[in-house]
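One protein chain, two forms: both are listed below as C-alpha cells, the first as structure 1 and the second as structure 2.
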Structure 1
C-alpha cells in the first residue's frame, strides 16, 4: 500500500461536512511520504482515541534556544517517515505582507526539506512549517535566512511580536503598528531566540481599540492605539445616515454607548468626550461621519493570557496614553523593567499577569518604577481594610 492510497475512513468523515477540511488539504500533499504517514498516524489516533505524539526533548538550530518545537511519534516503526515531525516557527513580516514571489520561494524550501504542510498563520503570528526531520533543520534554517527570514519565538522567551496592518490599510489606526512591531522585533532579538524568562512573553500591536489581533486577550504587553482629544464629527454625514434609514440613532448608536455619553436631538449629534471610553462602536456604525481625534498614540496594557495554570486573564491598563514615536524607547525601557522584576521573582510557567496577581499591583508598580493612576483600577476594591503606609500618611 502506498502512502497516497492509505485507508483512512475516519478522516474521510471530516471531508463530508460543509466547512473546509484540513484532511482534504493534507491529502493533496500525500505524495510526500511524511504527509502520507501523518495521515496514517492521525487515523490511528482517531481509532484508539489517544494521541500518538510525544515531546522527545530539546531540538533546534545552532545558537538558538527557540523557534523549533520538537515533535516525535511513539510508533516510529509503523510510521517511520513522520517519526520526527518538528515544527519551525518563522518570524512573519509585520502585518503579514508577502509578495507572491517570496511565498513561492518559501514553499519551494519547505517542499524540498520538509512535509510541505504549512499553517498560515499560527495564533502567535508566525508562519508555521509543520513536519521537519532533525537532519533538515539546519539546511532549512540556512535557506530561510538567505531568503531574509528568521525564526520566531518558542519556549520561555519573547514570542514573535505581531500586529494588525495598521496605517498601511486602516483609516482608524492611531499609530504605525508595523513600524513598532519591526522595531521591537529587532531590538529584542536575544530575548526572542534565547529563552531566559519564567515563561513566555508576548507583544501584540493593534492600531485602534477595535483590536483586530485580539491583543487584550492574548498578549502580556498589549499596545492598542487610541486618542485623547475629541472624536471628529461630520454632522451633515450623520444626518445623511438618518435620512437614508440606514441607521436608527437611538437603537444603533446612542443606546449602545457603554457610558451613555452621546446625544442625538434629531439634527445634531453631541458627544461628552470626557466620558468617552474609546470603545469604537459609534465610529464603526457611523464610519463615514465619525473618526478618531488627531491627538493619537497608544495605551499599554499588561497581563493577558489563556487558561493554563490559572484562569484566562484580559489585559489591564498600565500606561493610559503614550505617543508612539520611533524608536519607541519608552516601551523598550518599560518592558525591560518588567522583565527584571518578573525574571527574578516569577515562578516557573507563571505569566506576567499571574505574577502581578500574586505579588499585588502596588508592589509590582513600585518595583518597575511606575506611578499608580486611576486608569489602572479594574474595579472598585471590595476589601475596606486597606491602609496607607506610615510614610505615605506623613507626606
Structure 2
C-alpha cells in the first residue's frame, strides 16, 4: 500500500518546467512518513479535485491560545502519518533576515519533530512549520524558544506583525520599520499569544508609500512611511537622466504625477510641493536624483482586510503624520485605545475596519480620542443624514 500511495503520476507532472517545483520539495522530505503520506493524500486530491482536510481543531501549546493551526485529514486510515498535520506559525525576525547558522538549527528542530516541510513564509509573514503531530507541538515549541524563537499569532489576537526591509537597505525608508516592528511585536506578546479580541488584528509596516509589505491592503493597522517637507532634487542628476536618453521627462515623469505638480523646463525640475501627494513615482523613476524630504515619519492607516464578509477594505487614514521615535509610545497607545473600544463594542468576528464602518468613523474617533481632520476622507459626506447631537443643539 505504501507503494501505491507513493505513486503520484499527476503530481509528477508538476516536477517539470523551469519554475521551482513544490512537488520536488515534498519529495525531498518524503522519507519522512508524514510527508510521504501528504504526497499520497495530495495526489488523491488531484485525482478527485477536492481537498481532504477537515475543519480546524483545538490544539496548541500550553498557555497560548494562538500560533498553531490544527489540521486533520479525512482519510486517516489510508494516510495515518499525516492524520494530524498541524502547523506552527513561528514569528519571523523583522525583515526576514537570517543567518545560515540559525536556519540550520531551525531545520534540525523541524527534522526531529515534524514533517520537514515549511512555508518560507506564510502570507502574514510567519515562518510556517507545516505538518506537526499533536504530541510534538510542545517539544517543538520548547526547542524553538530555546533557540530564541517564539510563536506568532492565530485566532482573534494580534497577528504576527511584518515589515519591509526598510532602513536595513532601502534609501527611501522614512522610518526604521524593522525596529518598530520588533518593538511593537515584543510590546504586545500577550495580545499576540492569547486571543481576546473580537477578531484578528494585523500590523504591517512599510517604510514608504511604495508599501512593499502591502500593508494598506492587508493590515488592520498599516504604518506607512512618508515625509512632510519638500522632495530633495539633485538637478544635475536630473539633467543626466535626460541627457542619457534614459528618461523622457514628460512621458515618464511629469505627466504621470497624479497631481501634475511638477514642471520640467528643459533644464530644471520644479515641484509644487504643496500639491505633491508623496506618491513616490518621480522618486522611483529618478531614483538617483530625487529623494524623500528630511522631515520624515509615518502615517497610520486603519482597517484593511480581505472580503469576508462585508467586502474587502483598504486601510484608511487615521493619523496623517507621526514622527516615529522609539519606543513608539504614540503607536502603542493608539493601538491600545483602539482595542479598548473595539474590544468592548466590536461584534464577534468583526474586524476593526468593519467595526468603524458600523459605528461611523466620526464616532470611532471620538471614542479613541482623536480629532477629525479632512485628511481622513476623500471628501466630506454627500448625503444630508447628519446625526446632530443634542448637546450641540443646546449651544
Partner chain sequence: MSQNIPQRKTDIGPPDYKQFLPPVIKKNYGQWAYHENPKPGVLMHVAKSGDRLYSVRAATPRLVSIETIRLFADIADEFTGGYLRWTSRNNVEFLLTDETKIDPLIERLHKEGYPVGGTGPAITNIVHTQGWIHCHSAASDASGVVKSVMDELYEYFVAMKLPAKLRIAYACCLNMCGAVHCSDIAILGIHRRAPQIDHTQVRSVCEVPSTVAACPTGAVRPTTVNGHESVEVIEEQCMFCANCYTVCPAMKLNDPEQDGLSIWVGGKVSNARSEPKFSKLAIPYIPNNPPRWPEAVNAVKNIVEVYAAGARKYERMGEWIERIGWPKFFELTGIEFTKYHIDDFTHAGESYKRSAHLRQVKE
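Positions refer to the first chain, counted from 1. Whichever C-alpha set is largest while still superposing within 1.5 Å between the two forms counts as the rigid core. Computed from a prediction, not measured in an experiment: that's the story for all the values here.
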>> I want to make sure I have the labels right. Is the form predicted alone structure 1, or is it structure 2?
In response: 1
> For residue 17, is the C-alpha shift between structure 1 and structure 2 2 Å or more after core superposition?
Replying inline: yes
> 2 Å or more on the CA of residue 378 between structure 1 and structure 2, with the rigid core superposed, yes or no?
Replying inline: yes
